[in-house]
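Here's a solo chain for you in structure tokens, the form predicted on its own.
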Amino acid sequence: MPGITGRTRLLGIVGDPIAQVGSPQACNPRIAAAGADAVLLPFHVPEAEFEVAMAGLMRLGNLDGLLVTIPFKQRVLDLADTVRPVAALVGAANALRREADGRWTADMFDGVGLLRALAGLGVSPEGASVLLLGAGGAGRAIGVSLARAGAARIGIHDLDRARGEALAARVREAAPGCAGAAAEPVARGYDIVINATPVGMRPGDGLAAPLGPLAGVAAVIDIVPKPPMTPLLAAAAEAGCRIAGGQVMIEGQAEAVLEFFGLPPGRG
């Protein structure tokens, strides 16, 4: 990576916690390979200080954009001047870009990363049945993207059943041919299982839900970026499923995010 100078443009990723994020590892080698004088840095923004911290960050003259991770993907929409269509449909965003006139634009890329992770496993969402755990910001982006990519059925499990049912309605709105519905967390009968909750990130975490046998599931993706082998992925590997973790998803969306920030997506 080139040396940081006073001319270096800054990008950041904000979250609480922040130690688990993989975006700096995914994006900075690409930024360096493209020869851009920019760097992506992690910013730990405590949840109680979100509005105050973001107001300060967004006033920095050399900050061009922010990535947003848990638990801020919904709250960040209130800070944007413009919300692009996918983020509006999802009701959450994971990227903010400063425009030339100083206004901020929000968009959502979690679904892009998930679809590319599936492609890397050789699994197509078209015609597939999907069990999605979690209907938060990432879960909504993933559900909408899978529906738009041709999934036939998406069962959604969230501890807040009303939130799961709300996502099911968004899925049907995004693709009327996709059967979206709240579902019990049982893996049997699904082609793809996705954990879009933070469960698995902390030491001692188990599974996000009692899924039952995973044999017969083609692919299991856990969006938790660290550890690389979560309890869910370990169980899926033992059952013979194709697996991908959160870092793979982050790698999948890195190029799209850098393009959104106006940077050439150099290969890391």
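Values in this document were obtained by computation on a predicted structure and should not be read as measured data. Numbers for residues come from their place in the sequence shown, where the first is 1.
Separately, the form predicted in complex with another copy of the chain exists; it is not shown, and the next lines address it.
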item	value
Contact test in the predicted complex: residue 218 vs another copy of the chain, heavy atoms, 4.5 Å	no
is_contact(residue 231, another copy of the chain) in the predicted complex, heavy atom dist at most 4.5 Å	no
is_contact(residue 211, another copy of the chain) in the predicted complex, heavy atom dist at most 4.5 Å	no
Exercise: residue 256 in contact with another copy of the chain in the predicted complex, heavy atom 4.5 Å	no
One residue of 39, 235, 207, 34 in contact with another copy of the chain, assessed in the predicted complex (non-hydrogen atom, 4.5 angstroms)	39
Residues of stretch 34 to 53 in contact with another copy of the chain in the predicted complex (4.5 Å, non-hydrogen atom)	39, 40, 41, 42, 43, 44, 45, 46, 49, 52, 53
